[in-house]
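In the form predicted alone, a lone chain appears below as structure tokens.
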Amino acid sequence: MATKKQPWYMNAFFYQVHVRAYCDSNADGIGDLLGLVSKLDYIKALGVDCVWIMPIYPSPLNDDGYDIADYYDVHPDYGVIEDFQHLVQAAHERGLKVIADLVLNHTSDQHPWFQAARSDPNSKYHDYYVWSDTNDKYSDARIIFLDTEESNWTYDEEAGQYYWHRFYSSQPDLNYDNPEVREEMLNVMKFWLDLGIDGFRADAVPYLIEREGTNCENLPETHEILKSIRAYLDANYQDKILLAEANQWPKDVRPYFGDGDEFHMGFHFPVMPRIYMAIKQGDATPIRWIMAQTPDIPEGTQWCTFLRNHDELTLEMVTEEERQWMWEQYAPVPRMRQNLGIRRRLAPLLDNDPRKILLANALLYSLPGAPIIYYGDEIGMGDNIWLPDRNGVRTPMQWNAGLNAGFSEAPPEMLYEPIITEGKFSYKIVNVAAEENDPESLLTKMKHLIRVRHENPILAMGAYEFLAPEVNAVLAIHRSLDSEDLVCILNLTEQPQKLDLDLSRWNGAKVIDLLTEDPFPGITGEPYAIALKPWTFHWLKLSSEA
């Protein structure tokens, strides 16, 4: 164990919940906050520490709630503010934390601020947004939603001007050069923090400020604003976190940690596609390469890692050649592709093979960081690529083999999206009830993997080095923390593999597999021989104690 007490998030597991998709308490076909409350015992039993809930604010739902029409309330589909307070209290009673999405960059065009802004150029709210008489400013900024938007500017008839947006045209960007906007966002934070929430995942943070002659991403002024948000949080609250969603290369995410005075955590996006590359190629090279591109981060900050989430599997940070290869391998049907990514869930991506699913998770957990599990991936849920936008990976949680998979008592045609009923991912086969008491199920094995990872903070926080770099079929990683040593060994192929490791610096050490608690042969001066079955892995603890 690490001697110094670390902040809670350093060795945490996060569980991402789409409230709409999780559990419906009032039979209207839509998941809600009280439904989520009813499932907290399940979430706790999974072994996670913190629930991240996707946006629950009033919204026209053009972007599944990331288009906010009111920052200070709950969408009526999900309940009322008191339900949210109940959720936070019930989670805290179980030792779970709760973080929510803080959408800083933009609002919905239905937000009263924007409605006031467009209807009156003299309104103070006009300056809450970014306007121009032409659509040729900031031309170096890329268009993020390439398959739906032709420009970052949209002409508003009522205002007689263009407004700026980095995402959908129904999501005008806020103007962070306006001090009132910055003040407003601190008020929004205060409102939810005072309700007991444990922090925020801050959405789309690289885009807060626009400057001519730049790509309008990661600008120094953006970092100044984010540091002021962190300073406000630290001055007024204890033990609360900010998690940065900056879909950027690790070197560009590094400044979002500041000197430990900006974000507590940041997503590590590009490690994710390379886990899929490594498993499909049976080659550890992509993992070693991306970790070599990953800078050190300040003490007391942590990477947040994941295999899947509510968006497409992003292929922004791979080469054009790698993207085409990933599409061929993982999204052979054109409908599986979206933007620069893939709209599929974890289990379908990995051929519904529990060995590969567990290997992908074990690989993620063998690297530093705090992992996120996307709801339903722990049971191996499938997807529906024929639903619009990214909704195919946001279908109802499959609780049991009963009506609507136990998600809702509404008539099936009333559900916000259909349950998966066909094939090997049908809710009759893939559901919590079927897996909960089955020692061989994916859910049972995931719980075990999570528990062992959690009990060994060395995996979250320890230093790492790659062993046997000349071998590609097997990834071997030495993890160390204080006087503790662990070697993670993962067979990335469908063939049995043999590996000779040089572990002579631990001569005389005893070896135990943390996952099975089985003893392995002790270390001598000889090469350490390990045989691995296809797609298997070991976490070997090296100890000098007798």
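Each residue number is its position in the shown sequence, starting from 1. What you see is a predicted model; the values in this text were computed from it and never measured.
Missing here is the form predicted in complex with a small molecule; even so, the following discussion is about that form.
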### Query
Counting only heavy atoms and a 4.5 Å cutoff, which of 283 to 291, 386 to 394, 70 to 78, 215 to 223 contacts the small molecule in the predicted bound form?
386 to 394
### Task
Name the single residue among F257, F167, F84, Y163 that comes within 4.5 Å of the small molecule in the predicted bound form, judging by heavy atoms.
F167
### Query
Looking at W325, F145, Y416, W131, which is the one with a non-hydrogen atom within 4.5 Å of the small molecule in the predicted bound form?
F145
### Query
Can any non-hydrogen atom of T301 be found within 4.5 angstroms of the small molecule in the predicted bound form?
no
### Message
Residue-level question: is E436 within 4.5 Å of the small molecule in the predicted bound form, judged on heavy atoms?
### Response
no
### Query
Though only this chain appears here, would Y57 touch the small molecule in the predicted bound form if you measure heavy atom gaps against 4.5 Å?
no
### Message
With a cut-off of 4.5 Å between heavy atoms, is D485 one of the residues that contacts the small molecule in the predicted bound form?
### Response
no
